[in-house]
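Listed next as structure tokens is one chain, alone, in the form predicted on its own.
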């Protein structure tokens, strides 16, 4: 340190101060303002980016809330559609069962009516056959009875005796 004090020169000190002040003025005029402007621009850009990020975050929250609401509405609508489809299916099954039962009852009733008419027709035919057989038997018996002349006279007399005149 003693060496610095012994070698100190006021002229050199003056010129160094003068150059330093000139350098500071030049830097202030040409470099400082652009540097400060770029720093201020950078600061403003960061501030704007932060505001935009905050706005985007709020927008995302709103979108998420809307998405959740829409999703809930879609789920509710889906549940309602499924419920309606199940109810429609149950109604269709019930209607089909009712219709099938009615058709089965109708078929059974028709079958019973057909059976009854077939039964009546069979009974009528049986009666006709019995009547035909009875007539044939009676005819054979009468022929046999009437084949003899004496038997014919006897039959006529007995019938006349049975008939009463008014």
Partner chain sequence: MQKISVVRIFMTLAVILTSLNLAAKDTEKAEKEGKDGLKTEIKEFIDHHLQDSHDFTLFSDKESGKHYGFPLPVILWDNGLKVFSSSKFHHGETVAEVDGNYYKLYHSKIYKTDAAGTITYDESHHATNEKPLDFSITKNVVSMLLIGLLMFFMFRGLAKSYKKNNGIPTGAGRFLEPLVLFVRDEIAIPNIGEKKYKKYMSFLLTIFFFVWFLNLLGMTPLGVNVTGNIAVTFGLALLTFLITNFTANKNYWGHIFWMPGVPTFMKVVLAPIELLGVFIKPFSLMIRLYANMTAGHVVLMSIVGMMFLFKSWIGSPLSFGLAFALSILELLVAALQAYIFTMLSALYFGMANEEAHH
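Remember, predicted model here, so these are calculated numbers, not experimental data. Residue numbers count along the first chain shown, from 1.
The protein also exists as the form predicted in complex with its partner chain; that form is not presented, and the subsequent description refers to it.
Against its partner chain in the predicted bound form, would residue 142 count as a contact residue? Criterion: heavy atoms within 4.5 Å. Flag for residue 142 set to no.
With a cut-off of 4.5 Å between heavy atoms, is residue 63 one of the residues that contacts its partner chain in the predicted bound form? No, residue 63 stays farther than 4.5 Å from its partner chain in the predicted bound form.
With the cut-off set at 4.5 Å between non-hydrogen atoms, does residue 132 touch its partner chain in the predicted bound form? Answer no; every heavy atom of residue 132 is more than 4.5 Å from its partner chain in the predicted bound form.
Does residue 31 reach its partner chain in the predicted bound form, with heavy atoms at most 4.5 Å apart? Yes, residue 31 lies within 4.5 Å of its partner chain in the predicted bound form.
121-129, 100-108, 34-42, 52-60: which one contacts its partner chain in the predicted bound form at 4.5 Å, heavy atom to heavy atom? So the stretch in question is 34-42.
Taking only heavy atoms into account, state which residues of 63-99 are within 4.5 Å of its partner chain in the predicted bound form, ordered by sequence. Going through 63-99 in order - heavy atoms within 4.5 Å of its partner chain in the predicted bound form - there are no hits.
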